[in-house]
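The form predicted alone is given below as one chain in structure tokens.
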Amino acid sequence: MFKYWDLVKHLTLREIRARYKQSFLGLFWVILNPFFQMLILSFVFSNIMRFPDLGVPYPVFLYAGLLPWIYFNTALGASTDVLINNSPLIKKIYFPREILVLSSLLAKTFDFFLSSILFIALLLFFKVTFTWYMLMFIPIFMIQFIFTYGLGLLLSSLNLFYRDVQFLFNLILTMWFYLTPVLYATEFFPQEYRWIFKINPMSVFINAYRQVLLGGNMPNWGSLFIGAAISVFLFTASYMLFKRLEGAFADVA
């Protein structure tokens, strides 16, 4: 991967520039999209369907879960189609095809950190105390990145052979969203069903983000270890499958 780093950088910058090249607001769309989602959902769940006290203002609580979910959702959406969209490049020259998935994820990572500026502004506006625990955000994000990269490798390779994979996974993502504590706290879920959150890596990541960013605590190490183990296993298995199928990519792209 270090050998092809210039190619990774070029493909990442190409995707970022192409996305906002003819857009009037350009990069501001990265911030506006999650911001307006946060406003609408905050109004609904703060004024219509009121949640009990969360210890922090609901907009901050919601945004801490919405940002990593939007990153996960958009990164997988881009990764699933990346081999199909770059089929002319795949047929012309050889390079490790996983670079295409990686560059797609890095472009979405740029969006994620850019949209995080508004989250920092919300913390300042609502006078949330900044602590050293917030630095744990970086390792938690790295674990989520490995998980997303592994799933992106799996989906992109399968979607190249079976084009309905993207439509099936969109349905799964819809169900996955409601089984992940983005809109609500884990404590609001019935006790007998909370085991779902322990085997759902996105639940583990979002809860960990909230613990270090809003709770002023270290993350739950047991849950985070399970999330990290699932992420490493998924990445390893997906990478092996991806490399096994790579030889046929040019024929079906």
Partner chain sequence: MSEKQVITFKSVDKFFYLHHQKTLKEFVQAMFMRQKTLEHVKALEDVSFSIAPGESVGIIGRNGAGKSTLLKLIAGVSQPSKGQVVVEGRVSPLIELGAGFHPELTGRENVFLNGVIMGLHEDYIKEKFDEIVAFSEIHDYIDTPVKYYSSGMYMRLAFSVAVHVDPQVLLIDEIFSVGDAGFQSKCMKKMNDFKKKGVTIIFISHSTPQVQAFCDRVLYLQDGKLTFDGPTEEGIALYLKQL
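These numbers come from a predicted model, not from an experiment. Positions refer to the first chain, counted from 1.
Heads up, the form predicted together with its partner chain isn't pictured, but that's what we're talking about next.
Participant: Any chance A18 has a heavy atom within 4.5 Å of its partner chain in the model of the complex?
Facilitator: Yes, A18 lies within 4.5 Å of its partner chain in the model of the complex.
Participant: Does any heavy atom of A78 come within 4.5 Å of a heavy atom of its partner chain in the model of the complex?
Facilitator: Output for A78 is no: heavy atoms all beyond 4.5 Å of its partner chain.
Participant: Please tell me whether any heavy atom belonging to I90 falls inside 4.5 Å of a heavy atom of its partner chain, as the geometry stands in the model of the complex.
Facilitator: Yes.
Participant: Quick one: is Y162 in contact with its partner chain in the model of the complex, heavy atoms, 4.5 Å cut-off?
Facilitator: The answer is yes: Y162 has a heavy atom within 4.5 Å of its partner chain.
Participant: Could you tell me which one of F113, Y94, F125, Y178 places a heavy atom within 4.5 Å of its partner chain in the model of the complex?
Facilitator: After the contact test, the surviving option is Y94.
Participant: Just to confirm the contact call: exactly one of 101 to 109, 169 to 177, 68 to 76, 82 to 90 touches its partner chain in the model of the complex at a 4.5 Å heavy atom cutoff, so which is it?
Facilitator: Among the candidates, contact is made by 82 to 90.
Participant: Determine the residues of 222 to 241 with a heavy atom within 4.5 Å of its partner chain in the model of the complex and present them in sequence order; the list may be empty.
Facilitator: Read in sequence order, no residue approaches its partner chain (within 4.5 Å, in the model of the complex).
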